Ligand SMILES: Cc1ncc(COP(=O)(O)O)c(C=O)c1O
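Only one chain is included here, represented as structure tokens and corresponding to the form predicted on its own.
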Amino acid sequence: MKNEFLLDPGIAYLNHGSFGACPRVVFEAYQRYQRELEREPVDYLQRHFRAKMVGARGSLAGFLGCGADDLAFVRNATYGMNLVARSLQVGAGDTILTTDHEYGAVDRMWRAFARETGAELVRVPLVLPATSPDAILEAFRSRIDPSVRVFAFPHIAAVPSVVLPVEGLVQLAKETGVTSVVDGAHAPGQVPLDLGSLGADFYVGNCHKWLLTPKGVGFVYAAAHQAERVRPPVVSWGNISEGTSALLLENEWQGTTDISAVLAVSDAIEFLEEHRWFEKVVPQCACLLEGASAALLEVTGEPSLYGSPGMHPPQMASFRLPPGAHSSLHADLYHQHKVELPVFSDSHGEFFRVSVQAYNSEEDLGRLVDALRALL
């Protein structure tokens, strides 16, 4: 499927998890919407905005298993997490539980939010290798006390590429009367979702990663009993959108903006359905990644981060780097070997993450193995 995408064919692009890549047909639809907007901006944004956004939300809601009025589009998941955090009712004496594997920008946001509100931020440590879903649930359960007001956790942790037991954590939040906030940046399009059945208070996701839309599209889902509490960082006109709650009326219209990427969500979902994504493409990517994992572990000489089957998502896996100085590894992989791949450093060590998408091949992963063998 490499010809379906616009990527440089000379690059082994194994970094879909960072910025994604948009299929050619979806990008062409996106450009078509942009031309329609420029042809008559007032007609497009004043007379047809509501209907267009209702259609886009309906398409995404069908894909995610929730109601169209349960969603609002935002620019990305980090923005959405900020929107949700500032809609929470917490203050001095309250505790927010997160993990020590939050996405960097989101962790920074929670730290700032805790300082501003006087709440205490507690990071639940997630041990690597990830042993079992039950171990993660128990780690959260052991930190619960009467001060806890919020559970905030990733569906798929970005750096270690670990799938958290999201259903169990949401249920634990319900049992203890705690608000659940799920950072699903890497989930839509990589794993099937049914947000209506999941029952989280808030679920935030990206469309421009594994859902294959143009850049700049995320969403916030709010359960019905939370939708009136959602307030945007920017207060704009609150009566332009089509909706029944503050989630939509206060967030969908954020002033003059290009909604073309949002409208292309429907085209991206059609592309996934046409190619039987979850039936065919994702399993093939998983097989390709699994086939390369043994060689990558051999090159690093480090143990796997996954102590239990199913703890890493189908299209992403992270690998610990051996002791050494790796600050130039990302640049060296790209400039010397034409391999695009992220390298991370945090309190848990140094890692690289491999993302496998429909456009990747055994040759791409073989080039990575050879490059790491040379550089390490």
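One rule holds for the numbers: they count along the sequence shown, beginning at 1. All figures in this text were calculated on a predicted structure; none of them were measured in a lab.
The next section is about a form of this same protein that is not shown, the form predicted together with this ligand.
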Pick from Thr98, Ser245, Thr117, Thr78: which has a non-hydrogen atom within 4.5 Å of this ligand in the predicted bound form? Thr78
Listed residue that, although this ligand is not shown, lies within 4.5 Å of it in the predicted bound form (heavy atoms), from Val106, Val150, Val220, Ala261: Val106
Would you classify Ala158 as touching this ligand in the predicted bound form, given a 4.5 Å non-hydrogen atom cut-off? yes
Wondering, does Leu195 line up within 4.5 Å of this ligand in the predicted bound form on heavy atoms? no
Hey, in the predicted bound form, does Ala185 get a heavy atom within 4.5 angstroms of this ligand? yes
Is Thr179 near this ligand? Define near as a heavy atom within 4.5 Å, in the predicted bound form. no
Which one of these stretches, 200-208, 225-233, 86-94, 166-174, sits within 4.5 Å of this ligand in the predicted bound form when only heavy atoms are counted? 200-208
